[in-house]
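As C-alpha cells, one chain now follows by itself in the form predicted on its own.
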C-alpha cells in the first residue's frame, strides 16, 4: 500500500508548526515528548506520506494509539488544522498496513463487527457485565475483570428497556423531532434517554425513535474502522429518514459530532453524498436544541436537591461541535447554583474506548479533572456524553470524591417536573 493512501497528506500540510496545540494536548502534558503532541503526530504522518518513515514504525503506531482524539488542538489552532479527520484516516491506514495480534483482532471483530451492530448482542453483553459486577465474578477475574469492577454498575434490564417509537407532545404540540437512542446510552444510561424524551415532549415536541436502529458508527470511525463507519452511517441515514425530515436530537456528544460529519465521511460516495449532507444539517445536540426551544426559565428548588453544579465540557461537544454556551444556559435557567469547573474543556480521559484500552493513561489524565472538581466545591458534576459520564462516576468513586454525576437532560427534566405539577 502506498504511503499517501494511509494518511491525509494534504491536511498535514496545513500545520504551521506554531506549537499552540502543545499546552492543550493531554498526552503531551503527560510525557512532555514532542511525538506525543498534535504537532509531533502530524510530523510523523507527513514523514510516512513522504516515504521517510515506514507506516509500520513502532513509534508511529504507538502514537496513533496513544492519542485520545479529543480535538482540543483544533480549538486553538490558528491554521484550522482538522486533526480529528487526520487521526481517523491514519488509524484506518494503520489497520490496513499493520494487522494487530490475534486477540486484539478478535476483540475488534466482536466489538465492531457484532456487538455494535446488534441490539440483541448488546443487551446480552450488558446483562453479562451486570452479572459479573453484582455477583463478584469480575473481581475473581483479576486484571481482566478490572474494567468491569471500576466502571459504574450496569443497570437492571428493566432500566435498559427500549424507548417507545413515538411519544406524544405534552400540552400544545409545537412540532416533532427524532431522537438517537444510541448503543451505549441505552444499555448504560437509559434514564438519560428517558429524561431526554421527557424534556422534549414537555416543551411541546412529539419525539420519535427509529425502530431497529443500533449504532451511528462513531466508535468505528474513531478507532480506524472507516468502512464499518460508512456502512453504519448509511443505515443511520435510512432509519432517520423514515422518521420524517424534522430535527434530530442527540444526547451523546461523540455521536452528535460524528453524525454532523457524515457529509465528510461519505464525500466520495456519489449516491449518498447529498443525503448525508441533508442528514447532518438536521442533527442537534440536546442542549443546542432545547436551549433554543425552551419557552421560559424553569425556576425550581434544584439548589436544595442537587447543591452546586459544575459542568464539564465533553470534548466532542465543545471542540467537535463548538457547543459551549447552550448547556450552561440551560443549567442556569433551571435556577440551580452553578460554578465553573477549572479547565473544563480539557479531556477527562474517557475518549470512547480509550479508558478500557489504556486504563493507566486514562486515569492519569482524569486525576487533574478530579482535582478541579475538588477545587470548585461542586456537589454535582454535569456532563453530556455517556463515555464522560462513565469516566466521571468511576473516577470519583476511585478518588473518594463524594459528588453526584448527571447528564444535562436529567437536570432540565428535574426542573421541569418541579415547575409543572
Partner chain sequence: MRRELIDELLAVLGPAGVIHEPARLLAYECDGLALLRQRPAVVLLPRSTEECARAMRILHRERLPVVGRGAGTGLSGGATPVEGCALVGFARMRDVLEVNAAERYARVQAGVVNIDLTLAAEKHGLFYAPDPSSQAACTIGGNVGENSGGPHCFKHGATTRHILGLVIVRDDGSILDLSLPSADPLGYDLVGLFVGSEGMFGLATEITVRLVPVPQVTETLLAIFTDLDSACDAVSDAIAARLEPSALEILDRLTIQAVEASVFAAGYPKQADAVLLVEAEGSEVEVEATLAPLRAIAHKRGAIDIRRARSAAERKQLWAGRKGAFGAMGRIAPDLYVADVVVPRTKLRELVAAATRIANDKQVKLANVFHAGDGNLHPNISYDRRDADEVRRVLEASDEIVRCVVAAGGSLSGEHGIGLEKQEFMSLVFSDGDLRAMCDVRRAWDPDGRLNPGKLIPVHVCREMRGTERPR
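Note that the coordinates shown come from a computational prediction; the quantities given were computed from them, not determined experimentally. Residue numbers count along the first chain shown, from 1.
Missing here is the form predicted together with the partner chain; even so, the following discussion is about that form.
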Complete contact of 104, 127 and 155 with the partner chain in the predicted bound form (any heavy atom, 4.5 Å): no
Residue (of 74, 176, 85, 95) lying close to the partner chain in the predicted bound form, criterion heavy atoms within 4.5 Å: 74
Residue among 394, 373, 44, 365 with a heavy atom within 4.5 Å of the partner chain in the predicted bound form: 44
Per-stretch contact check against the partner chain in the predicted bound form, the hit in 350-358, 386-394, 373-381, 33-41 (non-hydrogen atom, 4.5 angstroms): 33-41
Contact of residue 18 with the partner chain in the predicted bound form (heavy atom, 4.5 Å): yes
Any non-hydrogen atom of residue 22 within 4.5 angstroms of the partner chain in the predicted bound form: yes
4.5 Å heavy atom contact, residue 65 to the partner chain in the predicted bound form: no
4.5 Å heavy atom contact, residue 80 and the partner chain in the predicted bound form: yes
